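One chain comes next, on its own, written as structure tokens: the form predicted on its own.
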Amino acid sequence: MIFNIQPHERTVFDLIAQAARQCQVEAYVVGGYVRDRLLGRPTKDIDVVCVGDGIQLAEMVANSLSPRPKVVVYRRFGTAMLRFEGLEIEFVGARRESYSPDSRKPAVEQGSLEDDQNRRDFTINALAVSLNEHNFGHIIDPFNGLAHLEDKIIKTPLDPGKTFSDDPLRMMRAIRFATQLGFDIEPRTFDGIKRFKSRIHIISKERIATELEKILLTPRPSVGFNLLFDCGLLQLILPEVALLQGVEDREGRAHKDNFYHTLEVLDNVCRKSNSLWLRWAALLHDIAKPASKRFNKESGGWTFHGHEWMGAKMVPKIFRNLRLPLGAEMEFVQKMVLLHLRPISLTKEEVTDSAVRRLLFDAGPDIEDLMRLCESDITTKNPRKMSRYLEGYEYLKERMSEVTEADRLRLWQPPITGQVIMDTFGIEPGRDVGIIKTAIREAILDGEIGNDYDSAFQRMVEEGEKLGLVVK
């Protein structure tokens, strides 16, 4: 089969072919670029394998371009990269790899194109397009990757045991590709993941998190997380999420399966937002339900009291374990987990201005994301219940817009600063300053005083007198 080379590709492919002839090496485009082009997916990363010195070939290609692009060389890996007309082109020499049982870092030696294709993770990534004069543009497909693209199958080129044992990250990649592309994992390949899942422990947490996030960023992450659970990987890399699975029945009363509920919420969020961190929040919003689950004999039902604050406390540990950012991103996820029950509680009662102010204050600039999460958390299959919940959220949104301080409260700063308190009473920083600031904030949020300097100053004086302080 001949690869359909587009006009914008012809120039760069011809330049690489010419440079390869000058270096007296064979050159091929391999892997993801070939796969994605055949699938009609946008791609700008080209991997070039040459049977020879990849760094030398990259330098030769760069010399033929004007202006000459910078060649970034990674000598440890024998690779080089340059950018040309929006494309990122990486060059590497064909190689043969061998692995030791306790490491995913292979011993590498020069090899043939066949050796290089043998070491690829999946048949659809082992496709190569020749840039050589005698068969320019021909697709070299030793493992039926073209047929697997057509049939939408993820399959290892060699025995799954060897592929996954050599580099266990490929197990995560199989599930990620299946989720991204809408492919099925071939049964023998999936069985290999099940058998070698414990090998995942030699992979760094950072690389595991990267694959998880690529799954989270797909339109339907539930596909990937179901596969992760079914093969046993999820129990090893995110046991807190895996523990959500299952239904307990007592005295004829069963609770819903919180794992599948969580995945439904996650997919719902993906239809509303592209935010990675909101998707993390959806995945973790009910994370503490197993720990908080109780059966109430009097009511004959299950409760999960406090799971929102217990879950918020679990978020930092999960983030640390996966080497995820511990700054604003983690704090956002914590906030979403902590507050995810608040809006629905306000739809079940006559909402006071004070309650709305507190929600706006606590959510701050993230109020829209919180509402997206809460609406996604409605997974009932009862149309009447669904309609009632959604109507409740619409009412709450109207009430939020009616509260005159709403926009200011999202970026709210107390009208009285700690410095004003210290100057007024002639005191140093300490506990009394915090007590007064808190009292002023609570009075504003409860609607007892206005959100203005004069009202806050008067309350400051009153609170100071309670503490025995005198205005200087």
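Don't overthink the numbering: it's just position in the shown sequence, from 1. From a predicted model like this one, the values you see are computed outputs, not experimental measurements.
The form predicted together with a small molecule is left out here; the points below concern that form.
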Fill in the blank from the handout: Given 355 to 363, 132 to 140, 333 to 341, 164 to 172, the stretch touching the small molecule in the predicted bound form at heavy atoms within 4.5 Å is 164 to 172
Completion exercise
The one residue among 229, 259, 177, 190 placing a heavy atom within 4.5 Å of the small molecule in the predicted bound form is 177
Completion exercise
With the partner omitted here, the residue among 279, 399, 199, 120 that in the predicted bound form has a heavy atom within 4.5 Å of the small molecule is 120
Problem - Partner proximity in the predicted bound form: residue 35 to the small molecule, non-hydrogen atom cutoff 4.5 Å - result: yes
Practice task
Examine residue 268 and determine whether its closest non-hydrogen atom to the small molecule in the predicted bound form is within 4.5 angstroms.
Solution key: no
Handout entry: Contact label in the predicted bound form: residue 26 to the small molecule, heavy atom within 4.5 Å
Key = no
Exercise for the section: State yes or no: in the predicted bound form, is some non-hydrogen atom of residue 125 no more than 4.5 angstroms from a non-hydrogen atom of the small molecule? Expected result: yes
